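Only one chain is included here, represented as structure tokens and corresponding to the form predicted on its own.
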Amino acid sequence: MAARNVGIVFRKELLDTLKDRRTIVSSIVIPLLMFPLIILVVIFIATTVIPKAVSESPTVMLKGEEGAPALAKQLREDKDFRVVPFSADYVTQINEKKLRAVLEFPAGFEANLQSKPEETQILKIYHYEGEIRSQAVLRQLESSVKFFGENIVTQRLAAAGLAPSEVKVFGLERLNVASAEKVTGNIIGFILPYFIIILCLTGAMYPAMDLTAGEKERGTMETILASPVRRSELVLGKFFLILCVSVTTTALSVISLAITVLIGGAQLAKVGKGIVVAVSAQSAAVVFLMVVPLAATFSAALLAISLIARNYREAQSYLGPLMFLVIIPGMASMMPGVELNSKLALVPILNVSLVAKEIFAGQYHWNLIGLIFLSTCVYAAVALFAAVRQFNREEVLFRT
């Protein structure tokens, strides 16, 4: 096998690929713009939409407030929300987002607090689970009710001749020991490896179809086969071109991600105190290294499968379902309880997604990283062998 011939095929396919608008868009434009757009949207929501939604004066209702005049007065004086007259259709209003929450008092609430201190009084808060404004009001109501309850406890302690400090056994202080890199990585590590793997696949998909089914459709496959180059050299030349495009897509994705996170960190820091965004160059480099053999696996597998198709459109129908084979393990890596171990390190795609999540979080399990890298290289070699076998089958090359 002549490396020179492989290089000639590679350069020829590279020049043809650079003329293909679809490949340029999928491998360069999308990776450069995807992460910035996603992160900028998140930053916009975090810095503009959410604070605005929370700062608006939401409406609440009080049900059975005649049994809690003091607490009802305290709530009406609260500037965080606006108490409106009670209406029997409050459930409908909450579902239609016209009303944010309803606080229901049990009958004789405050009287029972005085006369029946041994009985627990249950307050009910009706809200819209998952709706931003409703959840904000829920927290505000809980805080106000908790404050009222603390005052009741203070009064009872005073009546018994005790000071609040006498019953406070200990205090609790939160201290974060994780670095900014680990905090940021733990957040982005859940979703971003999934997007990187998807882009790695799509980056290889379009050139794979064009260099096989596209050749058949244009009628240039016979001309290429008639050249004084072995079929294995043709396969390697096409394979390296597809791998180059896929790796370029992945590299641009990682670079775009790192730059966008670093720039957007300053904006996210404005949302709240102590929010620091940092991305390690080492983690980005190691993730990129782990994706390279996966890109080789995708490139060889897509080359072998798309060669079966008679034209470009048929190749799309064959390769489309492969997206689900990537999505399923990618989503599985985001599920709680799915952690990287020696068994999952051998599962294709899932292993890379899991190790990327760990690396972004600053956890470098080098034994598992090595196992995943080697096993993925083996899968790539098997897929490349299958592609060479396909190129040596006349019924596949000249399928009509």
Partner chain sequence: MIEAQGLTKIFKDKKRGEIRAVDGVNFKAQPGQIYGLLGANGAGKTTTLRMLATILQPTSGTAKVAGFDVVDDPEKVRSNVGFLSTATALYGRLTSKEFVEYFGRLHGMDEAALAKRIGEIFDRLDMNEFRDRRCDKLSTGMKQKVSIARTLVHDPPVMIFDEPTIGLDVMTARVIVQFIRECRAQGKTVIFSTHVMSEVEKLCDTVGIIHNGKVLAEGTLPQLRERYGEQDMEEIFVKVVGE
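In this text, all values refer to a predicted model and were calculated from it rather than measured experimentally. Numbering follows the first chain given and starts at 1.
Beyond what is shown, the protein has a form predicted in complex with its partner chain; the following relates to that form.
### Message
Whether residue 226 contacts its partner chain in the model of the complex should be assessed with a 4.5 Å heavy atom distance threshold; does it?
### Response
Although its partner chain is absent here, residue 226 would touch it in the model of the complex, with heavy atoms inside 4.5 Å.
#### Entry: residue 11: touches its partner chain in the model of the complex, heavy atom cutoff 4.5 angstroms
Flag for residue 11 set to yes.
### Query
Can any non-hydrogen atom of residue 92 be found within 4.5 angstroms of its partner chain in the model of the complex?
Flag for residue 92 set to no.
### Query
Is there a non-hydrogen atom of residue 130 within 4.5 angstroms of a non-hydrogen atom of its partner chain in the model of the complex?
No, no contact at 4.5 Å.
### Task
Using a 4.5 Å heavy atom cut-off, indicate which stretch of 67-75, 149-157, 215-223, 303-311 touches its partner chain in the model of the complex.
Every other range fails; the passing one is 215-223.
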